[in-house]
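First comes one chain, alone, set out as structure tokens in the form predicted on its own.
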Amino acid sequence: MNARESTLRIGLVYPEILGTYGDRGNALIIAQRAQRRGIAAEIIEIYAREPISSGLDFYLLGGGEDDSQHIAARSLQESRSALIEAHNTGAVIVAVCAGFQLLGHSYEAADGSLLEGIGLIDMITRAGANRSIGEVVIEAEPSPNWGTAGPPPLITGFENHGGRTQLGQGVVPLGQVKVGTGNGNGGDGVLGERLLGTYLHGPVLARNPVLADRVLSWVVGPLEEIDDSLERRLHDECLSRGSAQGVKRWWQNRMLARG
């Protein structure tokens, strides 16, 4: 589509159950940053047990509690083909926490129950021994999937999850974790062609305006500059807070190790 002549259609998937920690804000940010450049955009809310249309430009999934994730898993199975078709034909997918986990093959919960994902990403998730809560700082992974503009600067967010995600061979994480846990193995999330998964709330696109523009450009192409000095100041403040927390944790771990 020529997004500058047509309205961007931003699908907010299951907002009533996958909206933990303000993840709805990711859809609002995409719409706002498009509109500030004169590009029309509308947010289309898709509720659980409703079919997902394959004709949208963006699909955004957020986080949810255990019961909500079970409902979302069942609903996504019913729209699996439509969502995969949409992505294969040019749509962007952004998924956070529970939504990210459900893009893989499966999620094994702490009680041993197994949730089936849609298998769009070669990955599996299992519940870990401990819950990860706190600020996160990620260094974005270099990848052609960012486009000609290249990777964004350090990414900040807030995690609150118990999952540990293992990516398949050749699957690239969103970035390497400098502070926090992320997937639990040094990386966070996943980065694919027009696809971004992460454990970061915040909402993540509000905290990281350059990242938001990378996502938007996957549909509309190169973007003109806008005055987003306030948004960038927020990013820098969150980055400073996250970095300070990381130094504090490092010092605490060092003291514990010394006894």
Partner chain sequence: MTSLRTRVAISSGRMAGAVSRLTGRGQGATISGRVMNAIAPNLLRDSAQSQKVIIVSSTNGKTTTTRLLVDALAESDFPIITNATGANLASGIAPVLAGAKRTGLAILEVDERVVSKVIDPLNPVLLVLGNLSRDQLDRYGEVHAVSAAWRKLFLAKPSLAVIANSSDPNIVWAASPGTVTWVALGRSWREDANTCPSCGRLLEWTNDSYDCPIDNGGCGFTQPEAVAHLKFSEDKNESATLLIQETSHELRLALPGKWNLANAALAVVAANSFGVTPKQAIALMAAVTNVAGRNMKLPLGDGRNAQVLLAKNPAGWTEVLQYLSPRSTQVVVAVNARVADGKDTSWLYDVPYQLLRGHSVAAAGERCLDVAVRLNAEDLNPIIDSDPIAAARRLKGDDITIVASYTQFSALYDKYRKSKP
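Given the structure is predicted, the values throughout are model-derived calculations rather than measurements. Residue numbers count along the first chain shown, from 1.
Keep in mind that the form predicted together with the partner chain is not shown, yet the notes after this line are about it.
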**Message:** Check for me: heavy atom within 4.5 Å of the partner chain in the predicted bound form, for each of G22, R131 and R207, yes or no.
**Reply:** yes
**Message:** in the predicted bound form, does A48 come within 4.5 Å of the partner chain, counting heavy atoms only?
**Reply:** yes
**Asked** Can L239 be called a contact residue for the partner chain in the predicted bound form at 4.5 Å between heavy atoms?
**Response** no
**Item:** the partner chain contact at F158 in the predicted bound form, heavy atom, 4.5 Å
**Value:** yes
**Prompt:** Is Q32 a contact residue for the partner chain in the predicted bound form, using a 4.5 Å heavy atom cut-off?
**Reply:** yes
**Item:** Partner-proximal stretch of 210-218, 52-60, 223-231, 190-198 relative to the partner chain in the predicted bound form, 4.5 angstroms, heavy atom
**Value:** 223-231
**Prompt:** If we check the partner chain in the predicted bound form, which of the residues in 58-96 reach within 4.5 angstroms of it by a non-hydrogen atom?
**Reply:** G64, E65, D66, D67, S68, I71
